[in-house]
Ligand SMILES: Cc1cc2nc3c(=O)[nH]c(=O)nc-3n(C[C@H](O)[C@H](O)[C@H](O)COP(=O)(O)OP(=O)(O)OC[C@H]3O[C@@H](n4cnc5c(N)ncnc54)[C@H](O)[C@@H]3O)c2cc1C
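A single chain, nothing else alongside it, follows as structure tokens in the form predicted alone.
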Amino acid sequence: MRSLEPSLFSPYENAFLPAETLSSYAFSLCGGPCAGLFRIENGEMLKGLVRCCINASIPYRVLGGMTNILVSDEGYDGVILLNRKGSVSHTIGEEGSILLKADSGAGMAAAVRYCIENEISGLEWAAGLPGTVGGAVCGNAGAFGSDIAKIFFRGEILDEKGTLQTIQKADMNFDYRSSSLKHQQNKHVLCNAVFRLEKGQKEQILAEGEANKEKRKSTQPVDRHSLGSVFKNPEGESAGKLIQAAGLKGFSIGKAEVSMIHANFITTQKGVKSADYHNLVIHVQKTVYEQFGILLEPEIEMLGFGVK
């Protein structure tokens, strides 16, 4: 693991945390060390530190809630910019639409709460969704028949040279649980996003959001540590149903287990190793392929495992 001088990150050197273990921050409870970590406080700090890393040719990754990424036990030989803070605001757009602006580090839960408080409709499907706005945009998060692609209007990114640019929806190449940003890690860093929403009634927005949260509770292991849906649904199929049909509910390796509530979730316990989770992913893929001839594609990102 490389050793880094805090002075490389002026004026943020006092916030530098060397050799942090990522299991302390990951929702999966596992992950090895990194060369250094910063807890991002605001958008300006994010931009400044990305530019510091670019100028010093230091590998870096911007991570949010770490609710959809598995970091290997070997860790990451670079800087982690932990982007978990940000603001949410809105303006009135054309034809009375509402433009909701959120920093990439803002939590999805905070964005949903803001919409409820300000009677803004269009984000009810995200009630109960973990993670940050940045992660949701990059992965085109979705649920209950809607997703980020349906509401995304524009955003601001830092390109590989550290230059701030505006991107439009057409630039995002949204696909199922994917976007151009997801495949351009560290080439383009999302700073903020603007969503086109509409005026609603507080009681109705709140009721729909609460109903969606209850659906999650009844069908997903929300009270356990997991990284959400592990695999993408194959066309015309359900990954969870295939895994269940393969008899894998409850199957475990180490302290990683295929959930008994929803087979497309892998739950973890304290002391779990990333290798346990990764080996379980491989075992599920192999078993489902042998039984049904379908190779499940991971929805979660895996960092430090070589070939995905």
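Not measured: the values here are computed from a predicted model. Counting begins at 1, following the sequence as shown.
There is also a form predicted together with this ligand; it is not shown, and the following applies to it.
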| property | result |
| --- | --- |
| 4.5 Å heavy atom contact with this ligand in the predicted bound form for all of G86, I116 and K199 | no |
| Listed residue that, although this ligand is not shown, lies within 4.5 Å of it in the predicted bound form (heavy atoms), from R177, K213, K101, R154 | R177 |
| Partner-contacting position among L227, A193, I205, V79 - heavy atom within 4.5 Å of this ligand in the predicted bound form | L227 |
| Residue stretch of 124-132, 163-171, 71-79, 90-98 approaching this ligand in the predicted bound form, non-hydrogen atom distance within 4.5 Å | 124-132 |
| This ligand contact at H188 in the predicted bound form, heavy atom, 4.5 Å | yes |
| Partner contact for N233 in the predicted bound form: this ligand, 4.5 angstroms, heavy atom | no |
| 4.5 angstroms heavy atom contact with this ligand in the predicted bound form for G36 | no |
| Partner proximity in the predicted bound form: A263 to this ligand, non-hydrogen atom cutoff 4.5 Å | no |
| Residues of 48-71 having any heavy atom within 4.5 Å of this ligand in the predicted bound form, listed in sequence order | R61, V62, L63, G64, G65, M66, T67, N68, I69 |
